[in-house]
Structure formats: structure tokens, C-alpha cells
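Shown below, as C-alpha cells, is a lone chain in the form predicted alone; questions about how it binds or moves come after it.
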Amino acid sequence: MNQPLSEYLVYLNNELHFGPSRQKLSQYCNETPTYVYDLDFIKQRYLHLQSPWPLAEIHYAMKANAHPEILRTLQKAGAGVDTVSGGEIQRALENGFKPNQVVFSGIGKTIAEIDYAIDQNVEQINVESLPELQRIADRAKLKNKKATVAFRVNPNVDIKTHPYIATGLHENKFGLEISAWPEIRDILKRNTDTLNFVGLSMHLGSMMLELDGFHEALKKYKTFFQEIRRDGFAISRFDIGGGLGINYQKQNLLEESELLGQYVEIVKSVTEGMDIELQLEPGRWIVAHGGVLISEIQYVKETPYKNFLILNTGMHHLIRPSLYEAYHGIYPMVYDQARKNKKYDVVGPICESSDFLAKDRYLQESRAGEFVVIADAGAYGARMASDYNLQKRPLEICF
């Protein structure tokens, strides 16, 4: 069989190959579940995202995947990095990023993390609350330094995504309400010697596949930005965050490119003539398609009610299906045209009923000892893995 499942997964001679270079995935089969990443493909995705706005600062959201080789690949391609912990800042610096390429975001920054960010002179700290702003001012004063800050705005706009990955509503814990500006201004005016206020940041959540909500929020964001300028603050950085979605079911790169085009046009139309430094914080769009997870079938369990493929991977390695009911394509490593399709729940070894990777999925009749490939696992896969039940963590391989 020579048949493409997508532009980056294809059966050649009945075996699954991955990425533009058509790497034969069976060479990575292992008794331990294994993530495999295509670095060239990830670089191509970054350059494709970057090409419409060459003057923008693109800070890769490394929470999506902080593998050192992926970080080094993106740094060499020209990316900056968006971090959400002291550990992420440290890993970014260890893998080639300069402090002026690092943005520090995150809702719960500790004193130690803020101290580290100030000491390293990171490009900016995105502030999420009034107490955090005051903490940054106090820590900078103790160090006789000035911290560069931007404020994350919560515009109270729904982008029609899963509630667990929506971050731009008032019910969410993220960001500062526009109505908090008088209090923000007071803190800034009391701390002019320690706070360098440079701009605003916005992040509405993940997996935006329709952009009406984004457009609405961006217009609110622009109005607030201009209000702050009229109030005497010469801010310039306009950070529109990340969140642009991908299609896990269709795996159609052309459609995603068209969505990117719509996204670009919205941003350009709203920001035209504003004299700003545009910043972006994409993660999933760059790395999700660039990784797969390979797993071995341990048992085929057939009951009068359900058929199960029990794998040696599960929610402890890829939690997205359990957490968000997220879809991932699952494919046999070797395709056998003589076998019929059968409906399975694809599940893992963890002692939780929520440990599943797919439900009611039609796959070719499968056998213990065979391998399957879980697609589009490059984002929020290995980084969210755990050793629950004292299971081994997955391997990670780059090519």
C-alpha cells in the first residue's frame, strides 16, 4: 500500500512513514513508548508562521514542548521564547536563547522565579494580577534594578474552545480586567524607579479554529492600548499571544495555512497605523504535527459489549484525550489490506477508567505485539507526562 494519510503521514510499501523526509517509523519501535519528532518539519512550520510578518517578534510557547533539540532548532531559526516558570527560563537560556529573547508569562510566579527573571534581565515579564505587579516592583527595588513589564489583558471574550483551555473570560484565572487600569496606573506611578512598563499582552486560550472572538477581543485590546497611550504611557509592545488551532482530525495543512492567512489579515487590519512592536506566542501550531507517539499493543480484549486495544501507553504519556476528550489519529504501524476494520476503544495500562486514547475508533483488526502510531502528538504530550502508577516515562527521539 502506498497511500497518504496526510501530507506528513503516509504508508509506503504498507509501512508508516513520517514527515517530509518520509522517515520509516518502524525503526523507532521500542518496548518503551516513544515520541518521535521531525526537527526539519518543526522548523518549516515556524518559518511558515513567521513569513507573513517578518518584523514581528515570535516567542515560541515552550510549554507546548521544551525538548532541548526542538528549542535549539527554533532558536537557530530566529525564534524567541515564551516561558511560564523559572525552570523554563533556565532551560531556554541553556539552549541558546539570550535573555532579550525571553518573555516570562504565567499566573503564579514565585519570589524566587521573579528574582531569577530580574537577575537574568529577561525581555519582559507579563503580569497577571495587581499583587504580582507589586511583588515585581518590590523585588526590583531590593535589587536596585528596573523590571520590564507588560500586562496581560483579560477581555472577557469567548473563542469557542474547550473550557479547560479557554483563558480570556472573567471566570478564568488569567490576566487583568480592563477595569483594573486605575489601580495598575497607581502602582506604576508609585514605582517609576523599578518598573519599566512597555506594553500589553493578550492570550484567549488554545485551539482557535474560528476567529470571530479573536477579532472582537483584538479590537477591545486596541482600544485599551490607545487609552493607556492617551494617559501618558508611551507603550509600544502589542503582544497578541498564541492559540491558533490545528485540525487534529483532517490533518490538512492547506486549510491551516488558510486559517493563518485569515488570522494575519485580522491582525493587520486592527493594528494598521498603530506604530507598535508586534509580538506573538505560538506553540501548538509549530510543533503539534511534528511529533508522533509509538506504542505497542499488549492485549486485544474482546467482550460482548466492547473491544479494547490495551496499549503500553496511556494518559500518563498523553493526557489530552482524558483531560479534554481531544482527538488524535491512531494508525497501525503496518497496514494489512487483508484485515477488516473493527471498532475499538484504545486504552492504556493506568488504573483509571479515564485512561483512554480513543473511543469507538475503527482500526484494522489488531493483534498483541503490533505497534500503533498516535499522530499529532508533538504539543502537550511528553511535557505533560507523569510516572503515575510508577510507569516509565516515554522516550523522546529527534531526527
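Numbering starts at 1 and runs along the sequence shown. Fair warning: this is a prediction, and the values are worked out from it, not measured in the lab.
Form predicted together with a small molecule: not shown, discussed below.
- The single contact residue among 235, 207, 130, 300, judged by any heavy atom lying within 4.5 Å of the small molecule in the model of the complex, is 207.
- Exactly one listed residue, out of 80, 321, 283, 314, brings a non-hydrogen atom to within 4.5 Å of the small molecule in the model of the complex: 283.
- Listed stretches are 269-277, 213-221, 179-187, 238-246; the contact stretch with the small molecule in the model of the complex is 238-246, by a heavy atom cutoff of 4.5 Å.
- Using a 4.5 angstroms limit between non-hydrogen atoms, residue 63 touches the small molecule in the model of the complex.
- Using a 4.5 angstroms limit between non-hydrogen atoms, residue 105 touches the small molecule in the model of the complex.
- Using a 4.5 angstroms threshold between heavy atoms, residue 203 counts as touching the small molecule in the model of the complex.
- Contact annotation: residue 328 falls outside 4.5 Å of the small molecule in the model of the complex, judged by heavy atom distances.
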